[in-house]
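Take a look at this one chain, the form predicted alone, written out in structure tokens.
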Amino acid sequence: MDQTASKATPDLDQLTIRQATQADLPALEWDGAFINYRRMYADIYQNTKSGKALMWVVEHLQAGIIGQAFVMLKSGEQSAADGRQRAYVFSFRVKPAWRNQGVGAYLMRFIEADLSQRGFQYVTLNVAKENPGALRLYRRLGYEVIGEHPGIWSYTDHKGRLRRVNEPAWRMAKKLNPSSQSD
């Protein structure tokens, strides 16, 4: 299967955004690039079953999964995701061949609309200080830097080893438009 994208903006009719299934988890390792997160992905998937998280994938008709984003609806860090008003987006990725073609903006707008329908008022996220491309994307979509985050966290990799991460980040947030649903 050809994994390359044309230089033109992809036809959005060729893209589907859907919740990840357990069968999708190996594809989220992106051909081994993120294999070290295997256990973490499985844990997040379990959190989807209890309503604490969402796992979204962007699938291209021919190329398969080309993007992903996870959303914590409720976490221990209340300023990020409190389960009522504030949700936290993370692991937001678009495969390199598909970047700068509108896929990321399409996915984020979808997530924002979904969260608004669920009654959330704010989206928060962290963007690594060393990722200016992502910072530009989020600013273009209306996110504002509201502070810094130390970006210190840990996880158990696919071999059972504890990994520590130190990725200083900007905390960003955006107020969502109220849902157009009438209650």
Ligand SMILES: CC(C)(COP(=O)(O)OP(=O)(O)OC[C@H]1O[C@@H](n2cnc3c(N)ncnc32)[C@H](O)[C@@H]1OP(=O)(O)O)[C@@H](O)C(=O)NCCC(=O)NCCS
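Residues carry their position along the shown sequence, with the first being 1. These figures come from a predicted structure and were not determined experimentally.
Separately, the form predicted in complex with the named molecule exists; it is not shown, and the next lines address it.
Quiz prompt | Which of 116-124, 149-157, 130-138, 55-63 lines the interface with the named molecule in the predicted bound form (heavy atom within 4.5 Å) | solution = Residues of 130-138 come within 4.5 Å of the partner.
Self-check item: Interface membership of I111, the named molecule in the predicted bound form, 4.5 Å heavy atom rule
Solution: The answer is no: I111 has no heavy atom within 4.5 Å of the named molecule.
Quiz item: How about R86: is it within 4.5 Å of the named molecule in the predicted bound form, going by heavy atoms?
Solution: Although the named molecule is absent here, R86 would stay clear of it in the predicted bound form, with no heavy atoms inside 4.5 Å.
Self-check item: 4.5 Å heavy atom contact, Q101 to the named molecule in the predicted bound form
Solution: It does: once the named molecule is placed as it appears in the predicted bound form, Q101 has a heavy atom within 4.5 Å of it.
Practice problem: Consider V94 of the chain shown here, and say whether it contacts the named molecule in the predicted bound form, taking contact as heavy atoms within 4.5 Å. | Solution: Looking in the predicted bound form, residue contacts with the named molecule include V94, since a heavy atom lies within 4.5 Å.
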